[in-house]
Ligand SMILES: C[S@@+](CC[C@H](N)C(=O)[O-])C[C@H]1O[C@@H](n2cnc3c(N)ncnc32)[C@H](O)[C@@H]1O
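Let's start with one chain on its own, the form predicted alone, as structure tokens.
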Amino acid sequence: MGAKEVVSVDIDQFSIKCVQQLWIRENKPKNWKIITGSVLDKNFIKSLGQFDVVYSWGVLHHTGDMYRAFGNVINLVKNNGLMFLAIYNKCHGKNAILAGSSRFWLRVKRKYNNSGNIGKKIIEFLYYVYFFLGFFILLKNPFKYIKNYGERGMSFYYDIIDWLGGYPYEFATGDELINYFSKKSFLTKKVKFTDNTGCNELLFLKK
């Protein structure tokens, strides 16, 4: 899209291989670098330089040290640069009645990841029961939802595994995120908040 340089970073080799396939599909552009490394490695992050746009969508809450990751990522953004973030919302109180609280899902995810194959299948089955009950209580059609799920580019089944297996798992309210980044010289330009366990989406400008 006209960028002089694009740098993709991940610590997971499966993710790196996926990006490499996209790179091949785009005819191996020379200005697109794919690098393996950890966002928690401050020296590694500094070695990447600074960028006009930094995009991290639903990633930093799975590092095991989200605020340390934030502290490293902000160094990648140039002055007057943009940073796009999607971070799991801290769901509690009345919003957690149907969705489940963030702390509840933290326990479920920890249990799922520490279980064997049979234990995982049992938890997946219980999630299906939870999912269908929720839709019936809300008088919605779960089968229509599942049928149209492919529009996201993901299968319903593997997205459940992605959700249950997404551990480490951290979360923050939209206000907590704005408060943190405003103290780091970032202006909030645009937000899309959720009241459930999905992601708060934020666009920041570095002053």
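The shown structure was predicted, so the numbers you read here are calculated from the model rather than taken from an experiment. Heads up: residue numbers just count along the shown sequence, starting at 1.
This next part talks about the form predicted together with the named molecule, which is not shown.
Contact with the named molecule in the model of the complex, judged as any non-hydrogen atom within 4.5 angstroms, is confined among 22 to 30, 37 to 45, 177 to 185, 135 to 143 to 37 to 45.
The named molecule is not drawn, but in the model of the complex it has no heavy atom within 4.5 Å of Tyr158. Interface membership of Gly58, defined by any non-hydrogen atom within 4.5 Å of the named molecule in the model of the complex, is confirmed. When the named molecule is considered in the model of the complex, Ser15 lines it closely, a heavy atom lying within 4.5 Å. A residue is said to contact a partner when one of its heavy atoms sits within 4.5 Å of a partner heavy atom; Val191 fails this definition for the named molecule in the model of the complex, lying far away.
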